[in-house]
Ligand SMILES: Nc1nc2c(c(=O)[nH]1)N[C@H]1C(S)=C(S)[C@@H](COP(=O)(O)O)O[C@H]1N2
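Quick heads-up: it's one chain on its own, the form predicted alone, in structure tokens.
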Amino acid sequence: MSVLPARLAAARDEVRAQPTHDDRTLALLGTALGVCFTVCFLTGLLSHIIQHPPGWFTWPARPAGLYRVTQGVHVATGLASVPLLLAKLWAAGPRLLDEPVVRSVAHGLERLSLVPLVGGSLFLVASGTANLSGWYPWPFSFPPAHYAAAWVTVGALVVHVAARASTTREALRRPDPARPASPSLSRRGFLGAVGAAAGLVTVVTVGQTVGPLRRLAALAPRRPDVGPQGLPVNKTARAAGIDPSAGDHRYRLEVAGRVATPLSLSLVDLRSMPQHAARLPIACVEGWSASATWEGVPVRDLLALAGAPADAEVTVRSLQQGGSYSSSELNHVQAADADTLLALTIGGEPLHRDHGFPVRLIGPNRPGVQQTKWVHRLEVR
């Protein structure tokens, strides 16, 4: 016996009969959303492993622009998921009133999975979008919370997909029945609007890393050509607590650790060494990227001068006062690459203080947070 009032039950049944709420619509939206979530999860997982590498993982230095692609895809699929998720929740909404509440073990499992799936999805898209804008209205650290929520959400998604697999497969295979003309929105119109919204969100943001679409990037959190020396800045020298006199005669670059001859080099010493130029991107975890021509001393030249072993790995320390990214790691592949530089200039000009003057790390195929600014020490392992 129904526990819903007769008029509410009748309204629910009327809404469910509309093509925008039927099994086929839900299957199509679910498939699109599942693809976006899967790609977003995998590229986000890759980014996390790159920044916190386990012992078995070595991220290569080539191709130089690979990270800008994977992280750009991560952000683009995350943003495209927003209209898809809202549409799926709206289309599936009437089913929350289905009776009985639980019809079988599989149905109960599907219902239970909705709690972490919906909650986790909303948290991921909301926190991810806020992070792109540099807005953190919460007391916790974004990266670990976002990472943990991604695993919970994907786990719930796997359970949900398994429980709905036969229904989804049947809905996609079954011929679409002819329907009488109706004043309500058609499935084709509804899905077309959702697809257009997802496409529009992508087009007006992805220009922050895809050059040909840069003029269309009206909603991109960053314009990759705006900032000192034509590059954006996430953290200024002032925000990092950098002493304004950091580049004067007192500056020394230390090379220490597993070396035969520890080094202490002044800025004049670094400038007098053979310089190498490379055109490399800064690819930020927020999805924007921009390329520039950097010139400086290859890290491998400094390691050779100090007598470091061929398989040396390096911790790069910044003058930055505290913070999560005041140091970064170079694995042995990155440290040995000719284009991994301690840069002194950008586009032929001395580095702007906000870009890391007097010395910054720049290397191929690295997240922007690992392109350490205001470098003062290399610790060789």
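The first residue of the shown sequence is 1; numbering continues from there. Since this is a predicted model, take the numbers as computed values, not measurements.
Missing here is the form predicted together with this ligand; even so, the following discussion is about that form.
In the model of the complex, this ligand lies within 4.5 Å of some heavy atom of K235. When contacts are judged by a 4.5 Å heavy atom cut-off, L302 does not count as touching this ligand in the model of the complex. Y325 belongs to the set of residues with a heavy atom inside 4.5 Å of this ligand in the model of the complex.
Among residues of the shown chain, V206 is not one whose heavy atoms approach this ligand to within 4.5 Å in the model of the complex. None of 282 to 290, 88 to 96, 264 to 272, 244 to 252 except one has non-hydrogen atoms within 4.5 angstroms of this ligand in the model of the complex; the exception is 282 to 290. The three marked residues, R360, G368 and T372, each reach this ligand in the model of the complex, with a heavy atom inside 4.5 Å. With the partner removed from view, the residue among L231, A278, A197, A217 that has a non-hydrogen atom within 4.5 Å of this ligand in the model of the complex turns out to be L231. Among the residues T70, T345, N331, Q320, the one placing a heavy atom within 4.5 Å of this ligand in the model of the complex is Q320. In the model of the complex, the residues of 328 to 357 lying within 4.5 Å of this ligand by at least one heavy atom are, in order, D354, H355.
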